[in-house]
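Presented as C-alpha cells, the chain that follows is alone, the form predicted on its own.
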C-alpha cells in the first residue's frame, strides 16, 4: 500500500518522503543535507556565503556521503549591486552607522575578531558565478531562497535539474511559476530566516490555487508530523523545514569543521533553541538588511532602540555588522549569540539526530492519516 504521505512531487524529485531541508546558510551543510536525504527526504545545502571553489567542494562532500537526490540553495536578490569588491561596497556605509556599531562594540565589550572573512560580498556577478558551478556540477535540485531563478531555468532543465523558487506572497508565486520553475515554496511569516508578512495557513492554499499545476511546497512554523499533514491538507505536496533541523547535531557541523563557528557557539545556539517559546523569535533587518526572523537577544534589541540608525540594504548591513558579530562569537559573549529561527522553536524540546527528526515526523503524520482515514491521491 502506498504511503499516504507520498506525493507527485516526491516522484518528480526522486525522494520517498515529502520532507525537504530548508537551505539554511551556515547550518545546512553537507552533513545535515546528506542525513536528510538518507532518511528519505531532500537535503538542501545553504551555500550563499561560499565561493565557487568552496561550493564545488561542498557538493563533492554531499556526494561522498549519499547517493540520494539533494539540492543547493542560493540567494538571488534582484535589488543588489551588479558587482564590486568589499572595499567598493563598504565606502557606501555611512559614518553614522559605523559610529553606532562602534558604540555597541564598546557597550558589549566586543573585541576585534582574530581574522576577517576572506569571501567577497554578495553581488549579482558573484551569485551568477555560483550558479555556474551548480550547473557544471549538475546538482539534482536548485532552490533560490530570494529572487526569481527564471533566468537559469532553461539551462537547468536542459540537463534534467529541477528548480524551486521561494516566495512570501501570491503575486511573487505567480511570477516565479511563470518562469517555468518546477515547484514554489510558499513561505509563511512564521519561518526563520528571510521571510514575508503572510501566515502559512493563509498563504499556502492561495499559492496552491494560484499556480496549479505547478507544485506548491509549504514552509513556516512546520516542525512535526502535525504540521506535515496540515501542509498536505492545505494543498502543498511537501514541506520546506528549517527550524526543526536546526535542533540536530548535524546542524552547523560543517561550519564548525571549517572554523566558521565553534563547539561553544553551537551548544549555546542549541540550548537557546530548546529553551525557546514562540515569542522568542522576531523579525528584523539588523543582520542582513532583509527582513529576517531570528532568535531575540541583546544585539537585536539594540537595533530596536530609538537612537539606532535605519538598517542598510543587503549586502551593506551584513558588511557593517559582520566583524562585530564574529568578534562576539570568538569572545563567547553568550548574550549576543542568536541566529535565524522560526516560531516553531517553541515545539522543540531536545536535540535529536536528523534521521530521528524525519522518522518522528513520518510516524506522527502516518498515525494522523490512519486516524482520519486519509489515503494518497492517485496521479
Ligand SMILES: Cc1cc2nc3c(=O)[nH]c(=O)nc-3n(C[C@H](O)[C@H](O)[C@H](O)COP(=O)(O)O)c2cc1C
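Numbering follows the first chain given and starts at 1. Predicted model only: the values in this text are computed from it and were never measured.
The same protein also exists as the form predicted in complex with the named molecule; that form is not shown, yet it is the one meant from here on.
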Legend entry - Contact test in the predicted bound form: residue 231 vs the named molecule, heavy atoms, 4.5 Å: no
Legend entry - Touches the named molecule in the predicted bound form: residue 246 (any heavy atom, 4.5 Å): yes
Legend entry - residue 211, heavy atom within 4.5 angstroms of the named molecule in the predicted bound form: no
Inset, instruction - Determine whether any heavy atom of residue 18 comes within 4.5 Å of a heavy atom of the named molecule in the predicted bound form, and answer yes or no. - result: no
Legend entry - in the predicted bound form, the one of 72, 241, 217, 164 near the named molecule [non-hydrogen atom within 4.5 angstroms]: 241
Inset, instruction - Identify which of 289, 168, 145, 149 has a heavy atom within 4.5 Å of the named molecule in the predicted bound form; exactly one of them does. - result: 145
Inset, instruction - Within 4.5 Å of the named molecule in the predicted bound form, counting heavy atoms only, one of 364 to 372, 18 to 26, 5 to 13, 351 to 359 shows up; tell me which. - result: 18 to 26
Inset, instruction - Could you list which residues of 174 to 204 come within 4.5 Å of the named molecule in the predicted bound form, counting heavy atoms only? - result: 187, 190, 191, 192, 193
